[in-house]
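Coming up are structure 1 and structure 2: the same protein chain in two forms, each one given alone as structure tokens.
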Structure 1
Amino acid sequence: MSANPLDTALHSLREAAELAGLDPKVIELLSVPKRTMEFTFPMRMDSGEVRIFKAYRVHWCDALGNFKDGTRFTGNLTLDELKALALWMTIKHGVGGIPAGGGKGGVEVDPGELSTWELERLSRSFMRHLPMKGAWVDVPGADIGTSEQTQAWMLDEYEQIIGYHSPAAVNDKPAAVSGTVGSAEATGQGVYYVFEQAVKDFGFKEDCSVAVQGFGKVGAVLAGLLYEGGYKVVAVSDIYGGIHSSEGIDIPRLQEHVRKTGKVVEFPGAEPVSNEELLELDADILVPAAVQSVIGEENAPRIKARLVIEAANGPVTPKAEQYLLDKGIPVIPDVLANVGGATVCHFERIQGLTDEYWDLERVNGQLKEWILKAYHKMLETAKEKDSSYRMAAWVNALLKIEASVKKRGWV
């Protein structure tokens, strides 16, 4: 059974807090959520029956700014998972230099069982019943089971309740409803900027080989950018399996194949590989961009890549990371590598607050600047503290949060 995500998040917090020399009172404050909200709401289904739904919102720490981040509509939602995610978002915002606190919430529901009208009513009901909300309070974004469309309904509901426009009250909305361009690609785009810089800093050749696990919102965008950038993407996979070609895969043709078949497997000219084999291929750089805990103690000794960049959340377990580090394989951590999505959410908020909407060039230009600033700061701290990049990124975030907590007089 995989570890409780909250225990994992708290373990990282304690380890990084010790390295940062954090005040014990600040550690105590950051080890518990500021508040957790558990609420229910009734909703009439298409059949006429009324169902009661269970919903949550966790606020971890708002020392750096108002609460912000995702909303999950999923059948197996637990409060501990949401608490862990809210803590991770608190840290991620700190790593990325984003003036926001960490929040996470959702509704216990399988959205696949809902009609479109039921999904609309659910999104609106969640927003109506959410106890605390607003552009300067808590800004829910999308996550598993939610989308641009659910976020557009949430914003519309909120604006109908308050009686005026407030586009910064909800994130991940479509550009047509005061959202931002570049939002859907932001995480993959951010990973790409980190990748490009790491290639230079870690001494790889410009045409180095890459294996990418996961071909969804993050992996497919990243693979496309790597191909355009002249890197050799030698393997990709999705939940059904993977493909490998030491000559490099034509990603635009693969995207066409996925559009037609729904899978990467059976792409002409490439050999099949399993997801497990993909991780162990002899590629220069490995980018897990699918799910958590795919590199564990068992397979870590077989990893041949010379650098791992975590595009997914938590793909390398703590014990596996230690093994890789001992073998001289650095890991660029999730809290830095995939912060592009959270960064562009902040840009979406700035645009909503100012009513000045940016073009894609400006969004991506600012994203590159912000994420590389955080990346260089992580490298600097790792050198100074002789630590892993993960601990360095956490230390940077924790020191920023501690400074605000103390100046506010919270401890």
Structure 2
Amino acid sequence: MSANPLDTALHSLREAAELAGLDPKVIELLSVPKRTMEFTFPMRMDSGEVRIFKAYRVHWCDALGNFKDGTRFTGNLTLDELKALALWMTIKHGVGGIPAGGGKGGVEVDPGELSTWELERLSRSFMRHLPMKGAWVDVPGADIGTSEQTQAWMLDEYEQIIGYHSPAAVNDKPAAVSGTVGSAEATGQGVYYVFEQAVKDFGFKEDCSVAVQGFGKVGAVLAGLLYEGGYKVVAVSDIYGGIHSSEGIDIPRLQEHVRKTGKVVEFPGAEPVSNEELLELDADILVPAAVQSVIGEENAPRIKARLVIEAANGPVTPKAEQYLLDKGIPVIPDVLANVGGATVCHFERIQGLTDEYWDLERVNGQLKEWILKAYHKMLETAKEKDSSYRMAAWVNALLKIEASVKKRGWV
């Protein structure tokens, strides 16, 4: 199986569809995106030079509701990557009980090369040129290379275009711009709720060891929560490399180190370790929280963890997962474990549409209730179907989507 994320996503779709007994016409419908948009726009740089940027937006399936989420600003962006992410988002919404379809998009750019003013112009230009948008059409959220600030600029640009306020038209905004509290931490917070429950269900000790690959928006939040919860975080990494300490890492001190240096490497009292080596450490639980396809056929035989929880999108390839399962290493899939961000985006949209804004206790309380309901449904289906947890989560989502597709008369 190729490490192409679209191949990975479609492999899961076909396998789960067969397990669910899906109508062949529904499978055909879900095997391709409903709509793919590729567009360009010019932008004047601070130097006075005009650059042409390539942008994309993929709509996969909107049987459950309007498209939403995910906008990436990365230099290596590909259409296949965005198609995979849009399909995964479609399934995540189904898994999480969220009435929405899957969308993903972005701009081919390295945001680290842009000034603050250029990043603002890029964010506004993307929103201005995006062919379809609006609270009931397509709601862009943040992802790699984007942030609360880029989303605030996007919302402001959209509202300038339409001439009135529409806070539900963009997700992952700061609370000061009609966003929701807890949005930035939502994905990591959701993974933590799943982690806590899995520790109980799989019989791990309360101070079990954890390796977290990735110390960005998700991994850093998760590592902090794990530390506060009394778990032993023995390794973390970012794009520059990783660190390891069998005694456990002081995450608050590490977070301060990262604020000062911009990276986790050279943290006092820890040994250096590469991202590849981190995956193979002797930890009870492994949490890939960076990018897709980091565990493949080559390194799967060297994984020593007794449980893998996917905080990133598609970090384990299908053949690698089968190897892990054959070794008795369960995998809690991305479409369940990291659905917290999509769930809180749904809460954000509710708040924007009603002008009733929630406090953090309500946001996190609702998030925990929603994600654990989906988690227990996944376990129930896995037992009923004698399947992996990934297939169980996908089956649960696909059956919801199929029911809507048929009632709508699409097939």
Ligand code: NAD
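From a predicted model like this one, the values you see are computed outputs, not experimental measurements. Quick note, the numbers are simply positions in structure 1, starting from 1. Whichever C-alpha set is largest while still superposing within 1.5 Å between the two forms counts as the rigid core.
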- request: Tell me which of the two, 1 or 2, is the form predicted on its own.
  value: 2
- prompt: Thr74: CA shift of at least 2 Å between the two structures after core fit?
  reply: yes
Threshold 2 Å Cα movement between the two structures for Asp201, core superposed: no
field: Core-aligned C-alpha movement of Leu379 between the two structures, 2 Å or more
entry: no
- prompt: So if we fit the rigid core, how much does the CA of Thr40 shift between the two structures, in Å?
  reply: 3.9
Backbone CA shift between the two structures, Gly112, after core fitting (angstrom): 4.1
